[in-house]
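Quick heads-up: it's one chain on its own, the form predicted on its own, in structure tokens.
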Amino acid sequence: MVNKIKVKNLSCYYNKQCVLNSLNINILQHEILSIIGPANSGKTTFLRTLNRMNDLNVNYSRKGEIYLDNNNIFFMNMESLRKRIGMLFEMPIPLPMSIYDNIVYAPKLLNIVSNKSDQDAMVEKVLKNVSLWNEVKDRLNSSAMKISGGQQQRLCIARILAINPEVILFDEPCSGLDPISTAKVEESMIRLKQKYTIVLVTNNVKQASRVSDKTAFFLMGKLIEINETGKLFISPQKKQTGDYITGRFG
């Protein structure tokens, strides 16, 4: 398979304190990579570095390189990068407008779609991709703030799909959701990897085992181990990995 993202010797700092140390990871096209590890391991810092959200923090600095299809992301135009790498946050953040307008807002702004028929088709397509169409198709003009938290999170995924990215970053997307909503988000992720590359940060090791092709274990800013998910969970090579997976710490 083809490398979609290549991380080379990445180190990240806040106020000159190292929070990620010499990270080297290859992320393949159309795979789900889960990042697991206890708090303060650098998981979210890594995720936010992939689309340069950390650049907004004046206390943040970094060394190393990240390539997206052989292009160094640190030399890319920020708007172009974020069209190619979308991000879903821990809490759903729908825009204070209708379900329909939530989805078409960015594509209209970026001139991805202009006429109403194309917008209608796009809305239906992305909502079906996240298994939300049947639940909301009769109330597309209703406020997105009135649907459930699980539906809002899937709407936010649909909103990302509407700008047609190549990579989607998920930062604890199910932490506030009930088991049924969590299952629907996980089903969406598995379906979406046919077209997109996905990086998932999760504190739920069972979720990582259910959805990911590969899993990386971070500890205190270091990559301890990365492997195919089945191999890592059944026979981890490092004691710290096994201890974390079995709940001995973290």
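Numbers follow the displayed sequence, beginning with 1. Since the structure is predicted, the reported quantities are computational estimates derived from the model, not experimental observations.
Although it is not shown, the form predicted in complex with a small molecule is what the next lines describe.
The shortest heavy atom separation between Ile226 and the small molecule in the model of the complex exceeds 4.5 Å. In the model of the complex, at least one heavy atom of Val19 sits within 4.5 Å of a heavy atom of the small molecule.
The shortest heavy atom separation between Asn70 and the small molecule in the model of the complex exceeds 4.5 Å. Although the partner is absent here, Ala39 is a contact residue: one of its heavy atoms lies within 4.5 angstroms of the small molecule in the model of the complex. In terms of contact with the small molecule in the model of the complex, the residue from Thr44, Ser188, Gln207, Thr182 that brings a heavy atom within 4.5 Å is Thr44. Residues with any non-hydrogen atom within 4.5 angstroms of the small molecule in the model of the complex fall in just one of 23-31, 61-69, 209-217, 44-52: 44-52.
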